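As structure tokens, one chain now follows by itself in the form predicted alone.
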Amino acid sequence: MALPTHPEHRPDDRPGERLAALASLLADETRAAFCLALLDGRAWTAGELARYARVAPSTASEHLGKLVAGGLLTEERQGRHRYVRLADPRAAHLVEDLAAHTAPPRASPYTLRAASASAAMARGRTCYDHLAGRLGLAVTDAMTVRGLLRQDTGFALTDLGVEWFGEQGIGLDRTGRRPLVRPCLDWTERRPHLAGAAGAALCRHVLDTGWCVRIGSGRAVKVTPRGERALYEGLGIEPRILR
């Protein structure tokens, strides 16, 4: 007679195998490039990603199929177009955290255009749905100094911080499973910036109000003169830090 299988030792319970399968999705340079591009939080077509990664459309389609099947991306179709985006904030945080742990690239010759794009990304960008780069760090540091955010016992929004969001007219979604705040390791600054529901709400606000605008079609953003005034008045951030 066969012995019963203990629930903790079911044949299909293979955490190591599942982790290896997830890691293999990002072990390919093209698939990793797709995921990094999608950190802008928007949906891209398969053709746009193919051109971005400089691969054939058929190759892009094959890689996207694996990323969707593996749960890192989600897709939707509109007519002849296939749009993909990162599946959820957890997928975005995974990609960003892994990018932050990679060694910085060795110095290499830059074209003026490449150098400008790199500087813009380091100055300010979106990390899926929140602010990153020096802009994201400046906001995070200013909130901490003013007692709106605690970092000494992990990231936590204080009561004063909740009031500040209300005063700015920024609604906070506290009903979902997503944490209100969480740290996200910044891959250019190598320090944590504000993420979570509060980070996403703040990012939407600065873009909707025109405090920040996107640069081109990528992730880079820049602070407008209106945004410089608002961030100085609301958080005491000196404009020169944001330039």
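Residues carry their position along the shown sequence, with the first being 1. Please read all numbers here as calculations on a predicted model, not as lab measurements.
The following text describes the form predicted in complex with the DNA, which does not appear among the structures shown.
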| property | result |
| --- | --- |
| Exercise: residue 66 in contact with the DNA in the model of the complex, heavy atom 4.5 Å | yes |
| Interface membership of residue 175, the DNA in the model of the complex, 4.5 Å heavy atom rule | no |
| Contact label in the model of the complex: residue 189 to the DNA, heavy atom within 4.5 Å | no |
| Partner proximity in the model of the complex: residue 81 to the DNA, non-hydrogen atom cutoff 4.5 Å | yes |
| Stretch from 192 to 200, 206 to 214, 179 to 187, 50 to 58 whose residues place a heavy atom within 4.5 Å of the DNA in the model of the complex | 50 to 58 |
| Site test, 30, 45 and 62 vs the DNA in the model of the complex, non-hydrogen atom cutoff 4.5 Å | yes |
